[in-house]
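Single chain ahead, written as structure tokens, the form predicted on its own.
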């Protein structure tokens, strides 16, 4: 089996950029579990880490908005945002263009994806990597699912992409870890920023952790927008990971609404089927 690890986490910029303003006990518990995820990834000894995220008009805009894009470069710049604002120092993140290409070629057998040979990570990738691979010692293969500019990919297609990615991973000899990252309920860059629907988050996480496919695919975008904000569209990254893991369930390591981080903060691990 080439898939050696699967996890999930949040990625809001406030997690690092406004760290000093959060409740210290809650913040440190969140950070501890974030680093736990990172340690487990390193213990799995992957040859590469695929990170399924949702970026925020940093690289892709309305002139060219692929539904799903996979990075295919030997290195990436991170972060694209101001270093002081995000609280993360700019660096060059290693990739593996040859490995990415082989995965893309296999994914294309059953799922349509774009690719990018240049990519500047925004907080959607930079924040998780700050905790998961702080030494940037694992090659990264980024995946972006468009969660910003409608029309958005249907949820069942995000799940199908996860299945296609799993098939591609199982067809190569390298050891691959996969982490999905997104907000659950949040209303970024609006007057409601900081609002979090904890009940909605916990219901979604229960469906996700127990990998109840029909239930996680039952959300409509209208319902998600109403109950979880436009940031809630990022459940697509979690759904892709559920597809990757087949019928396997997982364990929720941490969840708490942290308003100063403007998101329901999540860390979870999925079992491997």
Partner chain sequence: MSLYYVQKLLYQLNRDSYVRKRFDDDFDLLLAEYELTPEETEAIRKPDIGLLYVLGVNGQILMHYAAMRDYEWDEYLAAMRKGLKDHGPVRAGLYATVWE
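Positions refer to the first chain, counted from 1. Computed from a predicted structure; not experimentally measured.
What follows is about the form predicted in complex with its partner chain, which we do not show.
Screening 47, 221, 206, 215 for any heavy atom within 4.5 Å of its partner chain in the predicted complex leaves a single hit, 221. Taking a 4.5 Å heavy atom cutoff to its partner chain in the predicted complex, the contact residue among 154, 171, 188, 94 is 188. Proximity of residue 110 to its partner chain in the predicted complex falls outside the 4.5 Å heavy atom cutoff. Residue contact with its partner chain in the predicted complex: residue 34 places no heavy atom within 4.5 Å of it. Proximity of residue 233 to its partner chain in the predicted complex falls within the 4.5 Å heavy atom cutoff. Although the partner is absent here, residue 58 sits close enough that one of its heavy atoms falls within 4.5 Å of its partner chain in the predicted complex. Heavy atoms within 4.5 Å of its partner chain in the predicted complex belong, among the stretches 78 to 86, 96 to 104, 172 to 180, 130 to 138, to residues of 78 to 86.
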